[in-house]
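So this first bit is one chain, no partners, the form predicted on its own, shown in C-alpha cells.
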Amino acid sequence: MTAYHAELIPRSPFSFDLTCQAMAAHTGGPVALDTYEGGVFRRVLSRDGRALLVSARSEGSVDRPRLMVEVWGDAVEPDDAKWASGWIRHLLATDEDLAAFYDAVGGDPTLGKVLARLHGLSPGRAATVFEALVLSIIGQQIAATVARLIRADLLQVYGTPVRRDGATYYGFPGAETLLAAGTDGLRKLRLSQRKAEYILGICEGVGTGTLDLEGMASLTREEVVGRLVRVRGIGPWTAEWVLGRALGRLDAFPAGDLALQRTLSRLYGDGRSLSERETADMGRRWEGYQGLVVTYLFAALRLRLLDEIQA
C-alpha cells in the first residue's frame, strides 16, 4: 500500500471541522460513506477500477484554511494525489464564496445569529448525482434511523471495501453492481418493492445511457428538475435535494420538506404551519442563496442551536 499527498487551499472563510461534521451527520454511522474521526475526513472513491481511500485534514484555520489531502491504496500513482484533491474540493465545497453569501443575507437578524455560530460552514456534496438519487430514494418517507440502517447494509453488501489500520471504509456501489443485485437483492436490504424498482430503473437508465445524470451539471435548474421528475420515483422534493446535494446549486430549496417548513415556521412564522407555497415564498427573501440557508438552518437544528438563536 502506498500514499501520496497534496495541498489544498480552500476559499476563506472555511471551517473544515463544521463542514466535515455536517458531512458525517448526513452519511455517517457505524457503517459510513463519509467518516470524520480524529480530525480526519475519509471517503472511498474509485479511479480506473481502483478503490482508493481519500482523506483530508486541516493544517490551517477558518480564516486561513489549508488542507492536506492523502490518497492511499493499491497501485497508487503520484497523479492520484491531484485527482484526490479535486474530489475533496468537490465533496467539501471548498471553493464556495461564503463571504459573498454572508454579505447578501447578513441583514437578516435571525439568520445573522445562525451565521455567527456556524461561521465557515460549507455545504457538503454527494460524490455523484447517482449516489444522491439512490440515497434520497432510500430515505423517502421513512425515519432517518431506518434509512441509516438500510444505507449501512447497502454499503456492506454491495459497496467496495478498503481496509486500513483495522478499520473498513466503503465506496458507494455503482449502477452496474446494483442492477446485478436485482429486485431480490435490494429487497433483502429491507427496501420496499417500489423503492427497489425505482433504484433499478435509475440503474437501467444510467447503464443504457438514456439517463445522463452526471451531464446535468451543465443544465439550468429548471431543466434539471424537469428531467428528474420524469424519472419514476423522483418528485420535486428529491429533485431539489439532488440539485443542492450533488450539483451544488446554491438556489436549491426543497420547500416541501417538513423539517424545513417547521424550522422556518419556528424562526419566522410564529409557530404556525406553513404550506409548501408559503415556504417557497419565504425562501425568495434569500434569492440565489436558498440552498446555503437550508444548509445553515439544518446544521443549527442538528446542533440544537435554535433555542439560543431565538433567545
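One rule holds for the numbers: they count along the sequence shown, beginning at 1. Computed from a prediction, not measured in an experiment: that's the story for all the values here.
The same protein also exists as the form predicted in complex with the DNA; that form is not shown, yet it is the one meant from here on.
If you check the DNA in the model of the complex, you find a heavy atom from every one of 187, 193 and 257 within 4.5 Å.
Contact between residue 233 and the DNA in the model of the complex is found at the 4.5 Å heavy atom cutoff. Though the partner is left out of this view, residue 57 does not reach within 4.5 Å of the DNA in the model of the complex, counting heavy atoms only. For residue 238, a non-hydrogen atom is located within 4.5 Å of the DNA in the model of the complex, even though that partner is not displayed. Although the partner is absent here, residue 26 sits close enough that one of its heavy atoms falls within 4.5 Å of the DNA in the model of the complex. Only one of 177, 128, 160, 140 lies close to the DNA in the model of the complex, with a heavy atom inside 4.5 Å, and it is 140.
Residues within 4.5 angstroms of the DNA in the model of the complex, judged by any non-hydrogen atom, belong to 193-201 and to none of the other stretches in 193-201, 214-222, 112-120, 80-88. Along 264-278, a single residue, 277, places a heavy atom within 4.5 Å of the DNA in the model of the complex.
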